[in-house]
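Here you get one chain, nothing else, as structure tokens; it is the form predicted alone.
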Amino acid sequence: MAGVVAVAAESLAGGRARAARTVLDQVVLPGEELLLPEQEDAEGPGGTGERPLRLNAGVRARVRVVCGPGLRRCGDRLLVTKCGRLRYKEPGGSGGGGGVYWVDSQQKRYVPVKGDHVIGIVTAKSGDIFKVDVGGSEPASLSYLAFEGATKRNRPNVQVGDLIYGQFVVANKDMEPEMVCIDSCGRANGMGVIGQDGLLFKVTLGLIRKLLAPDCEILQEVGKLYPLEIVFGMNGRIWVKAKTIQQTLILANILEACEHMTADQRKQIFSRLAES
């Protein structure tokens, strides 16, 4: 790990850009520049700016590359803005090239993103707007009409201190975040006020993304222990409820500890709990 960080620091100090595909799953540092596959050819094999001769130089395929969290476009290159491991996901279509690059980092501070489903806490009510704490730099606004079946006469029963599960429809640095509890068809689809019982706790954003992955084995193993209800928020909040308070606390402790456990350690803990 220290050697990988030293290589990244040496590259950053030398001011030379590295190919993005050569540093996948490796540590990258803020300020480092990464070359995309189409820019690697332009830089030349030795990085001296020599352009290799191509027979089809007049034809250049258009490749769409998406910058995820921790990366930013800087001309024809990618600029790293967070410290972490560089990840890549291939495009879903049949076209070659492109895909999504992002930096996987252990971050606790949440920055609202449009479309994210989050868990918020109602902190105030001003007129027809609820103020919801989502863990960001400022509270989000939630209209009383942003609930399924809500009208001017039929208002939702939302009180200060209630937990809200919703999604962002407006989230940028120049405007106040705005939440709704309905989808594009006007249905709640699981969103709205969360029940009074249960336990709310906070974890890192990296653990949330890991638990929400389609191939996550942790949730499958947890579901075999006790019957439970669980809600994940992309802002690092988890709400869980089991039959008893003891079971709820056990599940919360397991989910918090799974971030730093190996697969073998998890199997040992789950086997002990299953026996007891």
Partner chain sequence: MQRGLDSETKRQLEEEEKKIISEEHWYLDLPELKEKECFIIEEQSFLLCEDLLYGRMSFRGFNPEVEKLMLQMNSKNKTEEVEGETVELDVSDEEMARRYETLVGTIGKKFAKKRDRVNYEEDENGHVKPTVKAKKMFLKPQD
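Given the structure is predicted, the values throughout are model-derived calculations rather than measurements. Numbering follows the first chain given and starts at 1.
The same protein also exists as the form predicted in complex with the partner chain; that form is not shown, yet it is the one meant from here on.
Asker: Please pick out the stretch from 120-128, 153-161, 134-142, 186-194 that is in contact with the partner chain in the predicted complex, where contact means heavy atoms within 4.5 Å.
Answerer: Going through the listed ranges, the match is 186-194.
Asker: Identify whether the partner chain in the predicted complex is within 4.5 Å of every residue in the set Arg85, Met261 and Leu273, based on non-hydrogen atoms.
Answerer: No, because Arg85, Met261 and Leu273 lack any heavy atom that approaches the partner chain to within 4.5 Å in the predicted complex.
Asker: Indicate whether Gly149 is a 4.5 Å heavy atom neighbour of the partner chain in the predicted complex.
Answerer: Answer no; every heavy atom of Gly149 is more than 4.5 Å from the partner chain in the predicted complex.
Asker: Is Lys202 close enough to the partner chain in the predicted complex to count, meaning some heavy atom within 4.5 Å?
Answerer: Flag for Lys202 set to no.
Asker: Please tell me whether any heavy atom belonging to Pro69 falls inside 4.5 Å of a heavy atom of the partner chain, as the geometry stands in the predicted complex.
Answerer: So Pro69 counts as contacting the partner chain.
Asker: Given that the partner chain is not shown alongside this chain, does Met179 nevertheless sit within 4.5 Å of it in the predicted complex, heavy atom to heavy atom?
Answerer: Judged by the heavy-atom cut-off of 4.5 Å, Met179 is well away from the partner chain in the predicted complex.
Asker: Just give me the residues of 151-166, first to last, that have a heavy atom within 4.5 Å of the partner chain in the predicted complex.
Answerer: Only a single residue, Tyr165, comes within 4.5 Å of the partner.
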